[in-house]
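Single chain ahead, by itself, as structure tokens, in the form predicted on its own.
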Amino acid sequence: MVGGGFGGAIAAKTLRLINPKIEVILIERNRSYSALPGANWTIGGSRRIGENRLTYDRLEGNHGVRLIYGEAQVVDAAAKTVVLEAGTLSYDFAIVAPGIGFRVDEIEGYAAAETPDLFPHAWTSGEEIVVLKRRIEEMKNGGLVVVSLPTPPYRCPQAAYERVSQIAYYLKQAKPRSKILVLDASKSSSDLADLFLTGWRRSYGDMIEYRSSQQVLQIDAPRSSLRTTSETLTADVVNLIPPQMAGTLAHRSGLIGEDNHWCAVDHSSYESTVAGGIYVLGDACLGDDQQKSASAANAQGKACAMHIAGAIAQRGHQPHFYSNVLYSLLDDKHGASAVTFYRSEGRKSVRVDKGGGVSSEWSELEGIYARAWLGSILAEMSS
């Protein structure tokens, strides 16, 4: 197992719960995990970033998952080994959760080592929110915040819209003369996009201006300027979320599909279709109409673990059903959700027409549900 995010940690735990005789080794480069869900709320002030930090101690102590802290260099499907800086591990089954990388070469002037410090994306770790939050707090009253959203697919588009909401909630209280300009490279990629737009108008008036089909083509981060498909502008704070792809490990390990960006998988098991014997979870894999999210990764981890445990026990494969649950907050109290159900059908996951749905309005009850859902998924991952 490589990668201890929402997919990897749950897969490791589930394997041990199904069959404690299975030896499970989790390779993770960090000793703690800072979750992205709920991190946006720290901008608005209704959550502390420390509440999003998790460790793997209980995964090891309660379930017997063996932890190796280090960075995997490559997973070799032919040799059935994982290569680390400190040595090589052999495996019978390999599960990788490589996360995301950024296609920064598509933005002229973007320097991977420097630009995130000037135009923070805060899209790979909840801890990165601290930098963005500080920039916004240091901005003058009457300043301009630009939030740039990439073309899909990318990690949890709904969270990008929620981030705009949380920035607006903070500015409304602390810097009410300020403005937010949302540059969306797509035409609203979240299931809750229309509800967000309605909520922004109702709660924040003309503080937020939303422009669709506005892709950032060029930047000059030191001068805080950027050029889109239609204009050049400058801002006091820029939250630039670049276009995305599967993480580096997936590319090194030959797991990328024909689109050259994401991992192609069999959605009945999450086994790679280009490197047999390696299973890929989470945001790195092609989603079959699923929005990339913590909820989706959690469900994939369980389905993959059940498939592998069944293969070890020489049981026939069973189809699986699961939900993708997405909660967001408009301010500190009002929430909304989008819930979709899927079933495995052949090698694909297919959306189930009945059940689920999108909230009809923002409500305090949904806000309570949002906090409860976050507490539940974080507890499941770390207990």
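Counting begins at 1, following the sequence as shown. Just so it is clear, the structure is predicted and the values come from calculations on it, not from any experiment.
As for the form predicted in complex with a small molecule, it is not shown, yet the points below apply to it.
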query: In the predicted complex, D331 touching the small molecule (heavy atom, 4.5 Å); finding: no
query: 4.5 Å heavy atom contact, A338 to the small molecule in the predicted complex; finding: no
query: Y33, heavy atom within 4.5 angstroms of the small molecule in the predicted complex; finding: yes
query: Residue contact check: A168 to the small molecule in the predicted complex, 4.5 Å heavy atom; finding: no
query: Contact residue in the predicted complex, chosen from R163, H267, H307, K133 - any heavy atom within 4.5 Å of the small molecule; finding: R163
query: Proximity to the small molecule in the predicted complex, single hit among P242, G99, P116, P153 (heavy atom within 4.5 Å); finding: G99
query: Contact stretch among 108-116, 153-161, 211-219, 258-266 - heavy atom within 4.5 Å of the small molecule in the predicted complex; finding: 153-161
